[in-house]
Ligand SMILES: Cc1cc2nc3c(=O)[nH]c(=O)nc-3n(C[C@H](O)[C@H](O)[C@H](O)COP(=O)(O)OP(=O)(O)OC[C@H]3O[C@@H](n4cnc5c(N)ncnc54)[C@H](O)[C@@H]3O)c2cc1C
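Quick setup: one chain, the form predicted alone, written in C-alpha cells, and binding and motion questions come after.
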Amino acid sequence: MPEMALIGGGVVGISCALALQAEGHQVTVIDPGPVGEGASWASCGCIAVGEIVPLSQPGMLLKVPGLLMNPKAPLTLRPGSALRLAPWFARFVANARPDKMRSIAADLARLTFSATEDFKAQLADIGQPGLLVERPVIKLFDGEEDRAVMSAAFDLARELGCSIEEISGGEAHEMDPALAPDFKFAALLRDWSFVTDPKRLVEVLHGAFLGRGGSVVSGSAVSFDREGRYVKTVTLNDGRVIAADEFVIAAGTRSRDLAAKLDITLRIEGVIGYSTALRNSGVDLSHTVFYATGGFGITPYDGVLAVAGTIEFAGAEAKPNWSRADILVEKAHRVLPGLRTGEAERRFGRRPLTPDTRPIIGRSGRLANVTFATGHGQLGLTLGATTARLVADEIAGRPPRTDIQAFRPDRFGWGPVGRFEQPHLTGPI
C-alpha cells in the first residue's frame, strides 16, 4: 500500500490519519505539537450540525468600521491587520448576498448532516463512545431584538433540515436551573451535541493512531520537492526529509503557506478564538449554552466549565489579546449568576477560515498526489470525522458519499496568493 505523509495533527488531521490507516496505509503524521492544543482546544467542543449559515451576512461591509472601533464586539478586526486583510474581506463580503448565503448553507448542510453519524462511528471504532454527549444545545436571547437578528438564519437552517425549537427563557431555566431565569427567549438546537473534552479527544485519537502502528514526527513542514505533478518529499524545519507516495495537507492556518509553495492558492485567514477553563465554577450546568448577545458559549467539560467564543481577525503571528478571553468570562455572569471564576486557565486557537465559509477538501487539478483537508473555520471538530471519510474516498478513487465539488481547492484559482488567478469551473470567490 502507498505510504502517506500527513501534515497536521489537529482534530482534522489525526482523524484523516486514522481513516487512511484503516485502509491499510502506513501513515506518518507531521505536527509541531503539543498534541491537543490546536484550534479545537479553545472551542465550545460542539458537533455543530446546524452551523450552516455563513458568517458573512448582508450589511457586513457597513459593520467593518464598528468592528475596528469596538474591541469588545463578538467579531473584531485588529486595526494593524485591516489593510492586509482587505482583499480577503472583499471576497468575504461578496458572499453576503442572499443567493450566495443559501448556496453556502446548502453545501455545508450536506457535510454537517453526516457529522454526528461519522463522529459516533469514529468513537466506536476506537472504543471511546463516552466522549460524546448527545444533548441539545441551548441558545439564549435577551429580548425580541436579539431573537430577530437570528430569525433569518434560523429560517434558512430549518428550511434545509435543521431541528430548531424556540422556547421561552423560563423553559430554558427549567431545563438547566443554573441559567439566569430572566431571559426572554431561547432556542433548542436539537441536532447539536458536544464532547466531554476536546483536548482529550485529540489525545485519544492520537493514542489510537499510534497504537495501530502509526508514526508521529514532531516538526513543521517548510518545503517540498516535486517532479511535475507529483510531490516526492517534504522537508521539515530541522532539515529532516520525509518521502511518501501520497501527501495530505491538514495544517490549519499554515495550510495556505504550504499550498503556496506548491503553486496552489488557498484563500485562508486565521481567526483567533478564545476560551477560559474554569475549575470549581460553583455551577452545575448540563447543556452547552450560547449567549447570542455576547457571542460566546459555555460548555460543561469533564472537570471544568469552558467559556469560549469570539472571532478576532489578526495576523498569522499576532499574539493573543487575553482581554478578549476576560471579556467573555465577565459576560458569562449574565448567563450563570452563581459563576465563580477564581481558578481559570486561558486558551486561544487560530481557526482557518475561507471567505465563503466552506472548508477545503480534496485534490487540486495541478497535483496528482496531494489532498487538502483544511479551512474548516469553526467546524473543525464538527467535521473532523466526515472530512476523514471524504479524504479516504478521494485517495482511494472511490465516489464520495457526499459531493465535494464545492469544497475543492481549485475554486480559488491557480497560482500563489497575490498572482493572477486563472478562470476555473466554479467561478472566483
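Every value quoted in this text rests on a predicted model; they were computed, and no experiment measured them. Counting begins at 1, following the sequence as shown.
What comes next is about the form predicted together with the ligand, which is not displayed.
- Only one segment in the set 152-160, 138-146, 344-352, 171-179 has residues whose heavy atoms sit within 4.5 Å of the ligand in the model of the complex; it is 344-352.
- Note on contacts: among 361, 52, 44, 370, the single residue with a heavy atom within 4.5 Å of the ligand in the model of the complex is 44.
- Using a 4.5 Å cutoff between non-hydrogen atoms, residue 258 counts as a contact of the ligand in the model of the complex.
- Not displayed here, the ligand is kept clear of residue 183 by more than 4.5 Å at the level of heavy atoms in the model of the complex.
- Residue contact with the ligand in the model of the complex: residue 40 places a heavy atom within 4.5 Å of it.
- At least one heavy atom of residue 11 is located within 4.5 Å of the ligand in the model of the complex.
- Residues of 131-148 are not found to place any heavy atom within 4.5 Å of the ligand in the model of the complex.
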